[in-house]
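Just one chain follows, in the form predicted alone, and it is written as structure tokens.
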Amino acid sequence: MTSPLTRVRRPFASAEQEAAGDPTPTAWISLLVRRPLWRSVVLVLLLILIPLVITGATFTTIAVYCLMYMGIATAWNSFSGFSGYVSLGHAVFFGVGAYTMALLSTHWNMSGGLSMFALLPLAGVIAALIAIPYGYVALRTRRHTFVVITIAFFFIFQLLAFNLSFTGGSAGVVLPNGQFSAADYNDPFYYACLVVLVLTVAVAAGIRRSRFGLQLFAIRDDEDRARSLGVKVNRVKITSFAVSAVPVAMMGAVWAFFIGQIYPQFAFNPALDVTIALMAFIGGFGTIIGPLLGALVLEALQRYLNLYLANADLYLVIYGLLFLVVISFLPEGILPSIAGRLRQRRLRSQNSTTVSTQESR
């Protein structure tokens, strides 16, 4: 029988080796906790099962919007959070994706079935192509001016949607009806949003860990210093801007198909930019998990209040109060602030332990 002394954990043993050497539930739980990839796989599996377990139309509708805004906030954060350039014009890409879905599906006389989702990548590509000249003009300025320019670009696109003939003007565009059963009508849209969300988070995590991500963080910390160190600042910013536009447009296309009819004032909605920025700031600006948490909490809260309260705009007041609370007490966002306080508490505990040990000696 193995002696207890031989079961002391090896300092450099991996979690997989630990699990292989000790096939107990504790070892497997340790594996899941230690490995972000395993945690992500388990979370995705749970999200896949949710519509199969909870089939209520109200719940799945809220779930669709939560996944949609989680993806949009993550995409926005992969540019603004990593580069420090706060964009208030990403609603342009949402509207472009919505109109791409609407116009192409009606022009090609599509039936309204699952084949409609094949237009999502095309919506993302068109948004990226628009983002390149858009970013080339807007990103030649510094941060504060950039915010103003993105707002100006947004209203330009909104006015174009109102006045161009092929967009339908103020009458909007009616999309083909979704050919899905009434019992599980929301499920295809839920899974479409989930696929886009998973890809968006994977790309954001990859950017954060890559050399490209380091260049973005260098720009956020000190743009002039990054340029002096050889970073192609303009190229990096425009590339990141275009990449972040793709998931936003794809979510806009899903939204257009989901509601069945779009109007310029809703496809190009200025509240979208404020909302996703608020989600990222509340969860944790520049993190991966922060925008996901912020979007999940705020969007679920908004949908709940719209359903069960007479005043549909009350959520805006709650948004403002929540934002004031976070800025006052958790200025870095919920997750970074909590992590920082836990780190300080751990350091204080270690210091007190060290002092007590020295005194006992």
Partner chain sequence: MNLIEIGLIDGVLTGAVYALMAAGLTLIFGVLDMINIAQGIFVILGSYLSLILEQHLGIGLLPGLAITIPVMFLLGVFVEWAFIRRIGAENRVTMSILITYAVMIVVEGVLLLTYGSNYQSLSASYVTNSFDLLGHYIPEIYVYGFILSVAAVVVLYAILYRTRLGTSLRASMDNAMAASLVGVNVKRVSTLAFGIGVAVTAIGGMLFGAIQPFTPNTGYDLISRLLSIVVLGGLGSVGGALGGAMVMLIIEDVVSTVWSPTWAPLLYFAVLIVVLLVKPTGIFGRQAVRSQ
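Residue numbers count along the first chain shown, from 1. Only a predicted model underlies this, so the values are computations on that prediction, with no experimental measurement involved.
Note that the form predicted together with its partner chain isn't included here; everything after this is about it.
- Looking at Tyr319, you'd find a heavy atom of it within 4.5 angstroms of its partner chain in the model of the complex.
- In the model of the complex, its partner chain sits within 4.5 Å of a heavy atom belonging to Phe323.
- Its partner chain in the model of the complex comes within 4.5 Å of a heavy atom belonging to Arg140.
- Among heavy atoms of Ile156, some come within 4.5 Å of its partner chain in the model of the complex.
- The three residues Asn163, Ala271 and Phe281 all sit with a heavy atom within 4.5 Å of its partner chain in the model of the complex.
- Here the chain stands alone, but in the model of the complex its contact with its partner chain, taken as any heavy atom within 4.5 Å, falls in 272-280 among 247-255, 106-114, 198-206, 272-280.
- Checked against its partner chain in the model of the complex, the residues Ile126, Leu175, Val86, Ile238 give one hit for a heavy atom within 4.5 Å, which is Val86.
- Among Ile48, Val41, Ile327, Leu301, the residue placing a heavy atom within 4.5 Å of its partner chain in the model of the complex is Ile327.
- Residues are counted as partner-facing when one of their heavy atoms sits within 4.5 Å of its partner chain in the model of the complex; in 121-155 these are Val137, Arg140, Thr141, Arg143, His144, Thr145, Val147, Val148, Ile149, Ile151, Ala152, Phe153, Phe155, in sequence order.
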